[in-house]
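Take a look at this single chain, the form predicted alone, given in structure tokens.
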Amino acid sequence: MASDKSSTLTANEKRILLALNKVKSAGPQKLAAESGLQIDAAMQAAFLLAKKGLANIVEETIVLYSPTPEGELYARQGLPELRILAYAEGKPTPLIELKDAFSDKEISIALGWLKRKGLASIEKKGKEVIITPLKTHKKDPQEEVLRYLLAHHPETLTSYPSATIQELLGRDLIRCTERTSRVIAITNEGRKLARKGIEIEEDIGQLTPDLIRSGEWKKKPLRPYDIHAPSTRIFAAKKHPYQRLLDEMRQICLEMGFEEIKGNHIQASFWNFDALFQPQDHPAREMQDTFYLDSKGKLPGEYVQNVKEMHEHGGDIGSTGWGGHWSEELAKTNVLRTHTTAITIKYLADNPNPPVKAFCIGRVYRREAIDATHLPEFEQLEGVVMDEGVSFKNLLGCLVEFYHRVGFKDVRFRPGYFPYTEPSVEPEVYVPELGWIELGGAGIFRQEVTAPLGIEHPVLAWGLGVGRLAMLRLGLRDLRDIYAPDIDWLRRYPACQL
């Protein structure tokens, strides 16, 4: 039985077994030296022997400590509290006197530790702070550890109190690292097999064309192959899950008959705000909400006067407008686009004749505080439909179709408010674990938006932040995880979903 087991061993396993039979136990480097193998090859063979019960591998993790640069300084000069204690020479000393001999940082550190170690009392007498030594302290455990590490680091510190080590770690005077060591030892079964006698013969690990043509493979044993050994996991190349979702949404819009449009990330305030009938004193245009640039854009001359009159007087559609003075200079100010509506409204102005079905998926920018659900830059999907006789009912039907294709069976709407659409709704989708979730906004462009641009037919508009949808589809609780360099999550996430 032993000889049968010997025949299943590779040449490297036999070398390691014979080496272990000689030294009984060894670390990786010694075992490699005894067997004449490289360390990697020696350890690979050792693990195979362990799996067959012929060797044991014991892992031991030890914690090593070394001083920080500040710890090295104090090891040479002494801890601040002890140096101040020596300076006082057992006498009450005003704090002001210490400033000539010690830095403010050293005094600040020393005062807390003098009190904590019970080395001195600190009292305020009148306008002065007096430090009174309570006892002479000849040896300090913290200082002993620092001086020891200065000469011996890295070291385990097993002979020193754990409380002292924790204090030094808390003071950032020492740092620790973990080191894992392995010891490989032969088992009784391995020793019995080695004593039976093992003959090392080079085996063939891979058949090559040359070996087959020459017939040499017949003269050497073939290396045993364990079909039960776990194989190396292979991670296939695939798209990032978030990019895959963006591509899926793009494909859905194209299948629904929409044309994709694109535009610049930098937009004049005219297209980002004014053309959408957003007043120039609206809170959303303030610096804390918008990234303004130190540059100016060009205004479309054919629309400027119409937009100006709409803002100031309401044009000729019966609106009252916003009143006040509309500034061309403010409208020229460039911004990082706060929504993709800046792209779709300009496209409609350039294509005022129906039918128009267009969508835009792009990154937008807002001054948002970064947290689990907000980022200062994120993707937004927006779509518009312009045609003769389209109505609010058509808008709801389009939205239901889109959300069904994205994967949500139950969709409902509740009234909403947006500055440039009326009527407006907020679509909600039902997620079993979370309930009803608001997922975007939609409405019909107001005449104050369309009339100045020469658009004579109704415009259905809808949009959503892709990040929130991504969190639902990808099962994330934190939006920042989408952009985190977590290679394990990317590998685990399926390449496709059924």
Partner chain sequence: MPVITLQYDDLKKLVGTDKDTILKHIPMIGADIERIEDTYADIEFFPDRPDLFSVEGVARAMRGFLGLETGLRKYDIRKSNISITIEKSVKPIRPCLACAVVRGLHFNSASIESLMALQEDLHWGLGRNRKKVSIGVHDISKVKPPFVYKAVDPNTEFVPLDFDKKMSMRAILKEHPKGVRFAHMLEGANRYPLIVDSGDNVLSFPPIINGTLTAVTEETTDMFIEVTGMDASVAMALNIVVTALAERGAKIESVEIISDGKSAFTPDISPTSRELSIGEVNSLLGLTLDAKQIARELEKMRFGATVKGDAIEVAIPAYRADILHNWDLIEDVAIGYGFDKFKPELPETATIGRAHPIEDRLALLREIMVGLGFLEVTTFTLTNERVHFDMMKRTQANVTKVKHPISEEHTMIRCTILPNLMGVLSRNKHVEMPQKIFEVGDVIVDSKDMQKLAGVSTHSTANFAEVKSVVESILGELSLEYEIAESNDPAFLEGRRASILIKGKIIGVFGEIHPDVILNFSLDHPVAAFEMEIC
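Predicted, not measured: the structure shown is a model, and the values here were computed from it. Only the largest set of C-alpha atoms that superpose within 1.5 Å between the two forms is called the rigid core. Positions refer to the first chain, counted from 1.
Although it is not shown, the form predicted in complex with the partner chain is what the next lines describe.
The partner is not drawn, yet in the predicted bound form one stretch among 121 to 129, 211 to 219, 90 to 98, 284 to 292 has residues with heavy atoms inside 4.5 Å of the partner chain: 284 to 292. A residue is said to contact a partner when one of its heavy atoms sits within 4.5 Å of a partner heavy atom; residue 438 meets this definition for the partner chain in the predicted bound form. For residue 391, a non-hydrogen atom is located within 4.5 Å of the partner chain in the predicted bound form, even though that partner is not displayed. With a 4.5 Å cutoff on heavy atoms, residue 66 counts as touching the partner chain in the predicted bound form.
In the predicted bound form, the partner chain stays beyond 4.5 Å of every heavy atom belonging to residue 191.
Relative to the partner chain in the predicted bound form, residues 322, 446 and 485 are all within 4.5 Å by at least one heavy atom. Taking 348, 146, 268, 425 one by one, only a single residue has any non-hydrogen atom within 4.5 Å of the partner chain in the predicted bound form, and it is 425. Residue in contact with the partner chain in the predicted bound form (any heavy atom within 4.5 Å), chosen from 197, 170, 230, 415: 415. For the partner-free chain shown, 250, 254, 257, 258, 259, 260, 261, 262, 263, 264, 265 of 250 to 265 come within 4.5 angstroms of the partner chain in the predicted bound form, judged by any non-hydrogen atom. When the rigid core is held fixed, the Cα atom of residue 275 travels less than 2 angstroms between this form and the one not shown. Once you line up the core between this form and the one not shown, the Cα of residue 387 stays within less than 2 Å of where it was.
With the core held fixed, residue 360 shows a CA shift below 2 Å between this form and the one not shown.
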